[in-house]
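Form predicted on its own, single chain, as structure tokens, below.
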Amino acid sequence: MSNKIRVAIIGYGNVGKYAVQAVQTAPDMELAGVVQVPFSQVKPPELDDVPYVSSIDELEAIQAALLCIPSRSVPDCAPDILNRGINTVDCYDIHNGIADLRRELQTTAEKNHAVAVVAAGWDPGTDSMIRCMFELMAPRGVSYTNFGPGMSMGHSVAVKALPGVEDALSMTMPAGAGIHRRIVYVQLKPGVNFEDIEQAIKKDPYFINDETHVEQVADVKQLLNMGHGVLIERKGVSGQTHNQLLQYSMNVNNPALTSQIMVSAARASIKQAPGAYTIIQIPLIDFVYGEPDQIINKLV
């Protein structure tokens, strides 16, 4: 058997499609197959040489599964896979539910000698690492995370799940100081009342804390752009020295970056003791391919 980490991808939406590329590019990984949920008999042509199945039980010797599924499906899906002794990596993005989810998966992971890496996207995820690093550099102060402008996958998926919605796109527009506006474009099925959908969106936990504007459009695909970005700023105090200004920014393809971080987290999962972790709990070096001394010589 190959020494490479055998990885399964659960779900083949925006993140799943890029995850295939990221796994195939990783020198220490082998793509065992794609599990499509719900299953479609029509196999995507780009997966011609990749096993395409309806259940992870149809694949062999899986060590890690990337859960490229909606966040609200993760709490049900992850325990089922952990019970098989397979590591899980998800990009769960409901910020106020992450700590509870990690605790819920901890017992299941330990019991089955497996590892769950929770919220391993870019926010939450690698942006969490940046916020953590900024706080250790300036322990007292205030940090602001400003998203966008760009497409929010989690918010878009939440709207698509509403009955009567044919397609949706949620755009995040930064207002500064960590305050955001959400602009949601919806394509409705025939006969659906727009005002009902608008109210359902504004009451959804994904949107309830932000100023949200909803617009009806004929074709969401004409608006679609996978770009997104973030600006994280901290003004704080190092020791007794004030006015320490820290800043981090990026502009990215949203699903491509998310999937790459998940693949790196799968690598890190193999090196951890059984249990459930967020990525700020895992040594940074464990995410990087290569021998530790080589990584240290290159990056320190």
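In this text, residue numbers run from 1 along the sequence as written. As the structure is a computational prediction, the values presented were derived from the model and not from experiment.
One more form of this protein, predicted in complex with a further copy of the same chain, exists but is not displayed; see below.
Taking 212, 126, 152, 108 one by one, only a single residue has any non-hydrogen atom within 4.5 Å of a further copy of the same chain in the predicted complex, and it is 126. With the partner removed from view, the residue among 130, 220, 171, 165 that has a non-hydrogen atom within 4.5 Å of a further copy of the same chain in the predicted complex turns out to be 130.
Highlighted residues 14, 175 and 204: none comes within 4.5 Å of a further copy of the same chain in the predicted complex, counting any heavy atom. Checking 71-79, 193-201, 152-160, 93-101 against a further copy of the same chain in the predicted complex, the stretch whose residues place heavy atoms within 4.5 Å of it is 93-101. Remark: residue 185 does not count among the residues lining a further copy of the same chain in the predicted complex, judged by a heavy atom distance of 4.5 Å or less. For the chain shown alone, residue 10 is not a contact residue for a further copy of the same chain in the predicted complex, no non-hydrogen atom being within 4.5 angstroms.
A residue is said to contact a partner when one of its heavy atoms sits within 4.5 Å of a partner heavy atom; residue 142 fails this definition for a further copy of the same chain in the predicted complex, lying far away. Contact between residue 297 and a further copy of the same chain in the predicted complex is found at the 4.5 Å heavy atom cutoff. Scanning 25-47 for heavy atoms within 4.5 Å of a further copy of the same chain in the predicted complex gives just one residue, 25.
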